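Only one chain is included here, represented as structure tokens and corresponding to the form predicted on its own.
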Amino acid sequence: MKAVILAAGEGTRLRPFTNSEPKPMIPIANRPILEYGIDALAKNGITDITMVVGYRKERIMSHFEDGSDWKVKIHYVDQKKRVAHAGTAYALSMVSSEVQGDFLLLPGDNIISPGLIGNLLDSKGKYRLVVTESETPSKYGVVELSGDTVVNIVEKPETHISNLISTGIYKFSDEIFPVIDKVIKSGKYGLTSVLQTIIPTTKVTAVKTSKVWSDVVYPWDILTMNAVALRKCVSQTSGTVDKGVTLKGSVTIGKGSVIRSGTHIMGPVVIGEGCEIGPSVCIYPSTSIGNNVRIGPFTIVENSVLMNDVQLSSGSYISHSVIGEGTEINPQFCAVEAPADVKLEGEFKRVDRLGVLIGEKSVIGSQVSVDSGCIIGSNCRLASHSTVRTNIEDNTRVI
């Protein structure tokens, strides 16, 4: 069976982290999100993949190439936007000439476990949709069932219907494409509209799963997704660990990394290649540290994601935060987590626990503190002794 992966989205709600990186390439536990879906397919024997790409497509194509490193064969289709707001149905229509017979459809921006794909393959029905329980159903398409049959999908409902949501993972046949064409001609571009069209006359089987599935919608979802992915990591040390280092739980240390004396690491934690950490650093659970990261002495990092090439100087404290690639943070930086109302796209979103979100290649001066829930854009410059109490746009200088 063939699989189709939709990986063309821009991910505007994830800015500043998608300014130069497509959403499916955001690192989670030091792996692009897209790798999890490809791995799940390969482990279920599905190796023929057509991938729809668009925004920053070169980043995806140069990383995966023909797919041979993942033991799959990938063919790319470029989604060339011909409409203002191209949705998932429009993206899927791009591969109508590439697909014959039955196929699986996956989003490229979800963590998907092999067991979930196994559930989908083991179920019955011409059309199938994987559904799961969510604590935040208003972010998704909420599914209404009669037995195991989907009877309605309500996209991002304003009032509570149920906690059962669509994962966007389907089993279809090529007979879906004429329906997609009809829906697009009516001015609708999402798969929810396609499902609403076929539900009255065609059985769509709901495949309930409790297997690992995680989605990233907003920047702080990176932290939740990262914590989920780290649960599956196992300890592995390829770098150098000095005497006097304490490692507890699942800790992975990449090739060429050095952990200096007096450092305490409590897993699950993943540390990439070529890093230098310590001496006397504390790293607490649910933290991912990318490649070529430097963390100076007497610094604490917990439940955070530090992407590649981050420089975090001495005496700093970072909690429940995401730090973009190539960012330089000077000594005594402080980002404490707390409940926060985060301003995003002109609206405030309530987040239970959040520190700071910093885009790529920003430079933060010494003794800077940031209020919980602030977003600092890419390529920003913050002078020493600054206090940040609101969002900072890309390319801003704070003096």
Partner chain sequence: MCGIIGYTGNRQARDVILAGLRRLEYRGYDSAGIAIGNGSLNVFKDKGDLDHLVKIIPEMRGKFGIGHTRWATHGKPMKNNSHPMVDCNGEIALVHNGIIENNVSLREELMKKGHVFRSETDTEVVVHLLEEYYDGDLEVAMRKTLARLQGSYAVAAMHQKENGKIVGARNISPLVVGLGKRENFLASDVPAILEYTDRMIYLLDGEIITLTKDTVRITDFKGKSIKRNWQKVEMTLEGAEKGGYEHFMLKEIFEQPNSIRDTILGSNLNAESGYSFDLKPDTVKIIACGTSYHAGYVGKYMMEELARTPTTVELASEYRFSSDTSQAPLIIGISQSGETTDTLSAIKTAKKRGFSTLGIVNIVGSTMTREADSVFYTRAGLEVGVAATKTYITQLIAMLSISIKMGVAKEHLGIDDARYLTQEMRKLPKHVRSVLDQSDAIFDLAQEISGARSMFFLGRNMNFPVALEGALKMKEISYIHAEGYPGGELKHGPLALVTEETPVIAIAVKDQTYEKMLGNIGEVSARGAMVIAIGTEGDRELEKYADHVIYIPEVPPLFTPILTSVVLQLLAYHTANILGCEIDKPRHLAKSVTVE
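We call the rigid core the largest set of C-alpha positions that still match within 1.5 Å between the two forms. Since the model is a prediction, treat every value here as computed from it, not as a measurement. Positions refer to the first chain, counted from 1.
Unshown form predicted together with its partner chain; subsequent notes refer to it.
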{"query": "Non-hydrogen atom within 4.5 angstroms of its partner chain in the predicted complex for each of 256, 292 and 311", "finding": "yes"}
{"query": "Options 272-280, 114-122, 172-180, 201-209; stretch whose heavy atom lies within 4.5 Å of its partner chain in the predicted complex", "finding": "272-280"}
{"query": "4.5 angstroms heavy atom contact with its partner chain in the predicted complex for residue 345", "finding": "no"}
{"query": "Proximity of residue 76 to its partner chain in the predicted complex, heavy atoms at 4.5 Å", "finding": "yes"}
{"query": "Residue contact check: residue 157 to its partner chain in the predicted complex, 4.5 Å heavy atom", "finding": "no"}
{"query": "Proximity of residue 264 to its partner chain in the predicted complex, heavy atoms at 4.5 Å", "finding": "no"}
{"query": "Of 126, 139, 260, 188, the one that lies within 4.5 Å of its partner chain in the predicted complex (heavy atoms)", "finding": "260"}
{"query": "Proximity to its partner chain in the predicted complex, single hit among 43, 31, 353, 361 (heavy atom within 4.5 Å)", "finding": "361"}
{"query": "Sequence-ordered list of residues in 301-339 near its partner chain in the predicted complex, where near means a heavy atom within 4.5 Å", "finding": "309, 311, 325, 326, 328"}
{"query": "Core fit, then residue 238 C-alpha moves 2 Å or more between this form and the one not shown", "finding": "yes"}
{"query": "CA of residue 259, rigid core aligned, shift of 2 Å or more between this form and the one not shown", "finding": "yes"}
{"query": "Threshold 2 Å Cα movement between this form and the one not shown for residue 297, core superposed", "finding": "yes"}
